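Take a look at this one chain, the form predicted alone, written out in structure tokens.
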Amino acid sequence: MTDQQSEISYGMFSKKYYIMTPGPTEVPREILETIVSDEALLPDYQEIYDIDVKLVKKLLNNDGEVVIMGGGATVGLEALISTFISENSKVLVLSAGYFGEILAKLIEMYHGKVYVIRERQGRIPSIEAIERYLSKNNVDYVVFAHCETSAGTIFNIEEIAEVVKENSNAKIIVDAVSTAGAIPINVNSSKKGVDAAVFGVQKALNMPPGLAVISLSRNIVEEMENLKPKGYYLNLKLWLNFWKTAGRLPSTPPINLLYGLRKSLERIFTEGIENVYRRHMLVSRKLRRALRKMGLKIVAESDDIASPTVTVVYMPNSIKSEIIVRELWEKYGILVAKALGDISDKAIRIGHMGITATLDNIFAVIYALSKVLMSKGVSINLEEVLSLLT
């Protein structure tokens, strides 16, 4: 296939634009229609909230409780921290980059005693390092971002849960913002389960931002009974008490988004949750393979820790990432994001979450990125690269 034939075959993309950022992601029409439907605009929310709670429990294999509140995932994170972490709490944060450091700073603001095991972008703290620390130090909580979207790396939740539970009595709190609905997560009292996970709905669930979903294991709910958290809106104990005793919430939620959440979760279960997980894994592997064939370097240093939901890749020849991001959008209608932190000018972030995790979408990304880089003198065999995506 010649380059001219490639242009004819693949130059006309199937959509006007492709939202391939790490979030917010593209929203399917049926979710948009659900959110603005007459049913979703009714003031009564108890029934739909109860359905959403049950669907979230199913998604995360939850054996405890779920709270859904208005606000982004950061609101949910602060609710977890303000409810459980006091000025006397000892907290171990596992940091693999920008968002790991944000977690540490956020916990410090709530007066927790924060200890950090960190690795540079592209790597994650090892299980051995975590085990060594816990064998010598007592901590109350272990906190980490499941996917470090600044680097496209991911922690192995099950391995961390096992080592934490074997070496301590610490509870595990996970930022699952970029993974819930795309990667298996267990929020339960099992050996491989975590105690709390929080996520928004604007990533793998393909909804507009506006909901924070907090999933709590049975163990951490029991611990909460002995706590006296301060505050009102961020007080998870208060939310659960309102729901269980009065069948309502302490603050009116965005009801239309609750209907959208039901539709989003139903889409996942209709496809089949295992099929969803496999699709994300397949798409991410093929994307990384094509990027490497283009001569590009992935920030994640091994496929074992590369995220199925976001890929971060260095640009060649000192080409600034903002130039690539701008030209992909202006010339091809493909929206990706700059990297964060120390590599912000050197790399771009490509999201592949929920409905955007398809071979068609990454085909468009690889084609357009190749053309942009080739226009700047980078040598790429486009035919060979595209053949890896079939």
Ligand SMILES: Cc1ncc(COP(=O)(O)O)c(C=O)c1O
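None of the values given here were measured: they were computed from a predicted structure. Position 1 is the first residue in the sequence shown; the rest follow in order.
The discussion below concerns the form predicted in complex with the named molecule, not included here.
Stretch-level contact analysis of 199-207, 163-171, 116-124, 219-227 against the named molecule in the predicted bound form, using heavy atoms and a 4.5 Å limit, identifies 199-207. Contact check for residue 312: every heavy atom lies farther than 4.5 Å from the named molecule in the predicted bound form.
Put simply, residue 143 is far from the named molecule in the predicted bound form: not one heavy atom of it is within 4.5 Å. Contact check for residue 178: a heavy atom falls within 4.5 Å of the named molecule in the predicted bound form. In the predicted bound form, the named molecule lies within 4.5 Å of some heavy atom of residue 149. Screening 250, 184, 72, 272 for any heavy atom within 4.5 Å of the named molecule in the predicted bound form leaves a single hit, 72. Of the residues given (110, 243, 133, 99), 99 alone sits with a heavy atom within 4.5 Å of the named molecule in the predicted bound form.
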